[in-house]
Ligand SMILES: Nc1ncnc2c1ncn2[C@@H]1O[C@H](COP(=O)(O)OP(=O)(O)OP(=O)(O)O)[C@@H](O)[C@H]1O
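Take a look at this single chain, the form predicted alone, given in structure tokens.
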Amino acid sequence: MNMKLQVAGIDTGYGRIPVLHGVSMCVAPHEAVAIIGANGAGKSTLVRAVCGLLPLGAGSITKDGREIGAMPAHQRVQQGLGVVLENRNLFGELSVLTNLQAAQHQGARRQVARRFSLDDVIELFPFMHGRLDSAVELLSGGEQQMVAIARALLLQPDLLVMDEPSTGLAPKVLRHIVEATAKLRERGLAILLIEQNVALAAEIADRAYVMSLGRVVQEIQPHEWGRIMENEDLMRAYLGA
């Protein structure tokens, strides 16, 4: 079976500074997988490599069996990869609707059956009903995060990558994002979640990879979440908890 995403032995970093060392992981179709680890573990660097913002020094990245490791970021979007980066990269001075329409236009260029419409994402995040004409920069951090996820969905991905979606968000907003993620999974979307909040990762993901110092040091299977979170030595050593 082709993996939705297969990362095989990749090395990458920033200039001459190596960060990732032989990292391998995969996401199966319709699966939710988390990458967890303390700050500085290399989680966000892995995201940047997957979405095409960092070149590979070694290894390969394939999606649905097709090599994408040398593709620029915009071509990876055309391969069905949707990404919500930690800084969100929204157009702050533009309205919510304009941000969404820009993604909707780009998503229409993919030669695939439409997965998400504008009405779909507004239903997923109902606060947008009354805020479509508001400038994004006037929204709260949680509202901006939801707009960023909605925008990524309008690119019509079959794999959604979310980098640290819980950062700085109130528990109520996090609950809404967890519920929205569950609905996305019901629609068959595969998810790669990069997250320092282990409890959140355990709630969303089927399984996880633990990263430390640019390497994958452990894989957590579905039945192992409880044991891992009760292992104080592991939590302290690898997760900073």
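Everything numeric here is computed off the predicted structure, so don't read it as measured data. Sequential numbering from 1, following the sequence displayed.
Beyond what is shown, the protein has a form predicted in complex with this ligand; the following relates to that form.
Only one segment in the set 185-193, 172-180, 202-210, 34-42 has any non-hydrogen atom within 4.5 angstroms of this ligand in the predicted bound form, and it is 34-42. Among heavy atoms of Glu143, none comes within 4.5 Å of this ligand in the predicted bound form. In the predicted bound form, at least one heavy atom of Glu86 sits within 4.5 Å of this ligand. At a distance threshold of 4.5 angstroms between non-hydrogen atoms, Asp158 is out of contact with this ligand in the predicted bound form. Although the partner is absent here, Val19 sits close enough that one of its heavy atoms falls within 4.5 Å of this ligand in the predicted bound form.
Within 4.5 angstroms of this ligand in the predicted bound form, the stretch 131-166 places a non-hydrogen atom from Glu164 alone.
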